[in-house]
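In the form predicted on its own, a lone chain appears below as structure tokens.
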């Protein structure tokens, strides 16, 4: 059985990826998380193959790789919040650039060549012109925020490492992925959590929102991790692949969909604190490359994903049910 190592599995995507690699790709899964952070319940099935690791400590990465000897490596560890990146750019640079270089350097030292999938973001494309949508992998990068700039840098360094050192690195630009368990710092989970709290009577019947005119490409996280697995098996070294739905939705339409799933009467108000200093009007992926090379395409309808996120928050929200 092939071994897969997920670096940075303590976040939202880690548990979904671990389950997918085990169930759909028949891999023995190992994972890392930051020390002194609680292991998510959805990772419990791979215990005791969970290790504490800080990617800013390069020697620790080397030791772990030699101990496990993975066939596939999925680099998920990142400071992945755009809003947090504005607040703490230095940390974002350290984790997303320095940490990623540490991981790539550690892999380069191995006596064999594992295949490695490095996760970036659709945010790297930044300010897209009208005639550039949907966004192809060769579209010029114009990062519009700190997080996007660090991920664009990670991608460029990964491409250089792959070619210069003959490494099996596949590079991903993942667009917005959503699903049950995602932090409410992200828009769909935030909206669903607010609605669940309104339904339970622990929040006034008012939704506080940011920019509703922005259009984003949303994909269910379970489809996204399946793409990562296929890229590990079939992706071409040094190549970048978009992973998204190929369909941008206006945030206003997402909000309307979520509210329509509730019987509560809800007022919508704009919260200035939820407005980003710079916001990209539209992000939509061209996913023809990954489809042609791996056969991947998203399968889970967005409405189903939203319903499951809303039910997730309903099950975790106390109070009196007014629905």
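Numbering follows the first chain given and starts at 1. Note that this is a predicted model, so its numbers are computed, not measured.
Quick note: we don't show the form predicted in complex with a small molecule, though the next part is all about it.
### Message
With the partner left out here, check for me: in the predicted bound form, does some heavy atom of residue 80 sit within 4.5 Å of the small molecule?
### Response
Residue 80: contacts the small molecule in the predicted bound form.
### Query
Is there a non-hydrogen atom of residue 302 within 4.5 angstroms of a non-hydrogen atom of the small molecule in the predicted bound form?
Looking in the predicted bound form, residue contacts with the small molecule do not include residue 302, since no heavy atom lies within 4.5 Å.
### Task
Answer yes if any heavy atom of residue 147 is within 4.5 Å of a heavy atom of the small molecule in the predicted bound form; otherwise answer no.
Residue-level check for residue 147: yes, a contact with the small molecule.
### Query
Do residue 260 and the small molecule come within 4.5 Å of each other in the predicted bound form, heavy atoms counted?
Result no; residue 260 lies far from the small molecule in the predicted bound form.
### Message
Is the small molecule in the predicted bound form close enough to 8, 37 and 151 that every residue in that trio has a heavy atom within 4.5 angstroms of it?
### Response
All of them do, each having a heavy atom within 4.5 Å of the partner.
### Query
Tell me which of 23-31, 289-297, 251-259, 46-54 has residues with heavy atoms within 4.5 angstroms of the small molecule in the predicted bound form?
Looking at the other structure, the answer is 46-54.
### Task
Heavy atom within 4.5 Å of the small molecule in the predicted bound form: which of 85, 135, 231, 76 fits that? Just give me the one.
Exactly one listed residue reaches within 4.5 Å, namely 76.
### Query
Among 95, 107, 195, 187, which has at least one heavy atom within 4.5 Å of the small molecule in the predicted bound form?
It is 95.
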